[in-house]
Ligand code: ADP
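Take a look at this one chain, the form predicted on its own, written out in structure tokens.
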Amino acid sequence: MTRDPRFDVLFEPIRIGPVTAKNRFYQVPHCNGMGSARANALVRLREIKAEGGWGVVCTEETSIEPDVDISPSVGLQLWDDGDLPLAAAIAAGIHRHGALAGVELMHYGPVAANRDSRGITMGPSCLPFPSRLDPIQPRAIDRADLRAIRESHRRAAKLAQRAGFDIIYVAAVHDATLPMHFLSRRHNDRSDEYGGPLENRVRLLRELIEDTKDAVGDRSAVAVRLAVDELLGPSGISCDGEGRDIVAMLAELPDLWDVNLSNWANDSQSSRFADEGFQEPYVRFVKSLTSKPVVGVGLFTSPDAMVSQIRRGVLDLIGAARPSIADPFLPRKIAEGRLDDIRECIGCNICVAAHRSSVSLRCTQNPTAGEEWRRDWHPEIIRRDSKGTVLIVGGGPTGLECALTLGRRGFDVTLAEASDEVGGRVTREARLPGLARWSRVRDYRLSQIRQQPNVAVYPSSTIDADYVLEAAPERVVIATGARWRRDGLGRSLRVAPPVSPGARILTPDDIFSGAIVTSPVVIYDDDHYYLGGVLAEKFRSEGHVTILVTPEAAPSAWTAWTLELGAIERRLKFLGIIIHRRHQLSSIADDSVRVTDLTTAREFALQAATTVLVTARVPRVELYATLDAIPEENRPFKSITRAGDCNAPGTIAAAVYAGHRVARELATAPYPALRERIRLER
């Protein structure tokens, strides 16, 4: 295949100060739950991106001094010479494939609670940080502190250059860095030359840029990462106010502008709430104020959308974090004319949840993310090392991923799905409000399977034990998924609540099958991820009076990890959905449900013509159990394996990973997962 000439502009070299990027694909700084704690995994992660064709590959947040500690979050450090080996290994891995290496230097200011270091938190003013509940207040930075901070930044910049980084950042972003806190009137009430008018509040950012340029000379580029809009209107930085003014004041000072939204929840909005290119209205002004190259993000996966951004003068470089995780080889696939092979990001933010919970990166679309070093999984290369026949029962995300990967290994694969369409829960859930992009999980795998002559997919095919015994495949994988419970048992209830014989109770499975809902509808959400909230949105948009009851303190509480909680609460309130937080289901009658306030123990009734229980799932293990009970000497197959939700119900990301791992390890000795080992200091 050859590249479509329409996309040639994406592969033009572009000058960034003293260095040149080979193309316009720019992996912006993104965190990953690895950092210095999982050094080998981090080096391999970044190298894979460079191998995949990104012209620039940046690190995550990189702390510049020990007393700026955001534990338990995991990041990089550039404090002293002891940090050089890891930094140099990252840069070398990126350079190995012809990409530029960038490093995002960070001073967290009042965001750093210093829980582990026990250092003194500092900020522009002695004001508690709004989103931190730690019972501390930062010390107001004085002139001696400013001198020390500037020196720390200079030292880190020099270390970064010695490590081999080509682009060195000054970060004023995400409401999470000291320069941004100085810019913000919400955080900065100083009356000296660093407070008051914007000209004063921008002083520290200007000084850090100048210090960094002086420290690295003409061998490394200096980039500024700036949040140009906080979506707070007049009370915050905005693209038609102080965000524009900051860029105008500093327009020609850095070598590159990396612009986005603040805070992180706004910058990394999930696809449920944002479309591709959603940041354009906020960042398009920047190029009119500077001659320096501009990079921005926006869930870009379509090369046409990327070209449009460049042709219309919105951006010079196409920034990506999440899309570069979903498909590290996205640039190479565009370059080689393999658009159908792109593993498009679905914008679910499961990658964000991994970092926020301080564990290694993961991705719904890319099961190799975070496993490149630990399990030696390459996102594109699978050794064709096997023969034999495999029957996979179940065409959901686990079965599809398993079939694709086994086919690439060389097995002859038959995938049987009972329903008339494949995709399982992905297909069903993608029809719900805001989740259409999740169908990419199914569509990518079906597209790739069609290219495999040794993989056959049969929908509308119910498989029983007799069929398996007659067909006699060499190996069997059961991926039959799970069904939602109808009895209310879940995280909060271990004894089923009393139910009247005339009560109308539905589960998500019933909704997916077309069951009719009548008002008022009460959803009892004891799952706490997205589904209860999405179903509430669906019912309300259909005109139903909708009441959401949850034992947690917020609806869809787990989405705090994916940065969606605030947006979900706003959406539910805007739609007029009634929410009862910290309430537990007590009983279900013909026309009502009784719930108990967990804070007061008061019980009361809610009118309910329909009750929808979103609580827990039961694995569909009947076929597996029947086949597993056959004595080994009577089995026509060599192995039987269950995977995905029929093994342990979880996220779609977990289901895809399970299918991939089973396929990688089937009929072979499992690869021993490598461990990061701590080196003891004497």
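What you see is a predicted model, and the numbers here were worked out from it, not measured in a lab. Throughout, we count residues from 1 along the sequence that is shown.
One more form of this protein exists, namely the form predicted in complex with this ligand; it is left out here, but the text below deals with it.
Proximity of residue 575 to this ligand in the predicted bound form: non-hydrogen atoms within 4.5 Å are absent; the residue sits far from the partner. Though the partner is left out of this view, residue 418 does reach within 4.5 Å of this ligand in the predicted bound form, counting heavy atoms only. Contact between residue 655 and this ligand in the predicted bound form is found at the 4.5 Å heavy atom cutoff.
Not displayed here, this ligand is kept clear of residue 331 by more than 4.5 Å at the level of heavy atoms in the predicted bound form.
Note on the partner interface in the predicted bound form: the residue among 533, 396, 102, 179 having a heavy atom within 4.5 angstroms of this ligand is 396.
When you look in the predicted bound form, the only residue of 201, 445, 425, 583 with a non-hydrogen atom within 4.5 Å of this ligand is 425. Residues of just one listed stretch (208-216, 473-481, 500-508, 246-254) have heavy atoms within 4.5 Å of this ligand in the predicted bound form: 473-481. For the candidate spot formed by 461, 620 and 645, every residue has a non-hydrogen atom within 4.5 angstroms of this ligand in the predicted bound form.
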